[in-house]
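We've got the same protein chain twice here, in two forms, each standing alone as structure tokens: structure 1 and structure 2.
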Structure 1
Amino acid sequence: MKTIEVDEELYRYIASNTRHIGESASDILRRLLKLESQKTEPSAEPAPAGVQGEGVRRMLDAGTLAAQDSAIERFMTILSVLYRDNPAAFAQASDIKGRKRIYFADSEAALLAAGNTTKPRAIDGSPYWVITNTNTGRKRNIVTQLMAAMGYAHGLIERVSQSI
């Protein structure tokens, strides 16, 4: 591997075109430049750009989140929309954990058993539950990790996490 220096604007452009965690700058550039890949692509290929994130974009454009009073309500709405956008990819939510807490589970009992004062809530329209007794920064971190694992573009992830 060779090292090159790029300016901040170019770096952000490359980073904003990341499709999945662990995708290298070389892989991103090969894809953008339509060059043949030197290694096999990951098996969990994200949805095509025109399809993925449409529900999320509609949520942002419609002002749905701005109309809600609390960070918890915005957090729950975002999770529900993410699940509806791609239920199979949302399954990766169970991999997102804190040092001593699990954030997602398939039942309220599992979250209650994992810690005190977790205040679990069901994610609307999904079989998942999430803890809500976290500060806004942690909620943003959870959404950022989940969306990155689901393959959303960096720019969209930033917009959504900052809207909590």
Structure 2
Amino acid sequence: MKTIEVDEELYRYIASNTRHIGESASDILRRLLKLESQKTEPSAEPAPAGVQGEGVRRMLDAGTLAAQDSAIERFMTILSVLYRDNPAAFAQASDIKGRKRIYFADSEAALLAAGNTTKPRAIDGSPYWVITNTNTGRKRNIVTQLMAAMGYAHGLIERVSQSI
């Protein structure tokens, strides 16, 4: 696997062409470029425990979060990183919900249907949407629940949710 840099807009364009949950950038690009698909393994196996959280830690350390100036931006960044860290686990975990509202869905409409003025937003680099009309406490809560369901260590969960 090689790493390349693409600008924000292009990144979003690629992400928006995701056909199924967990699809990799390579797969999407190959389809868009009409190249012969090379079987990329459906990356479903749980990440080896030692590795889990690599990307997340990098985000914390890089100060990416501290740079954002609103809770909502930090929230969205975290979700985006979490998704990329382990799409399969994210998919599993994302069915957490509140009393009436659902927090994640693969379409804006689904979120709008389950509550009033939920202000859904697309999670960058993923096929998912989240609810956004919540206070900061609940945003922390959502991240905590999500990460717990994805199997992250307690300490890391704490660090991440406090950084919102």
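Under this definition, the rigid core comprises the largest set of C-alpha atoms superposing within 1.5 Å between the forms. Residue indices: 1-based, along structure 1. Computed from a prediction, not measured in an experiment: that's the story for all the values here.
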Structure, 1 versus 2, that is the form predicted together with another copy of the chain | 2
Does residue 92 show a Cα shift reaching 2 Å between the two structures after rigid-core superposition?
-> yes
Please state the CA displacement of residue 10 between the two structures in angstrom, with both forms fitted on the core.
-> 48.1
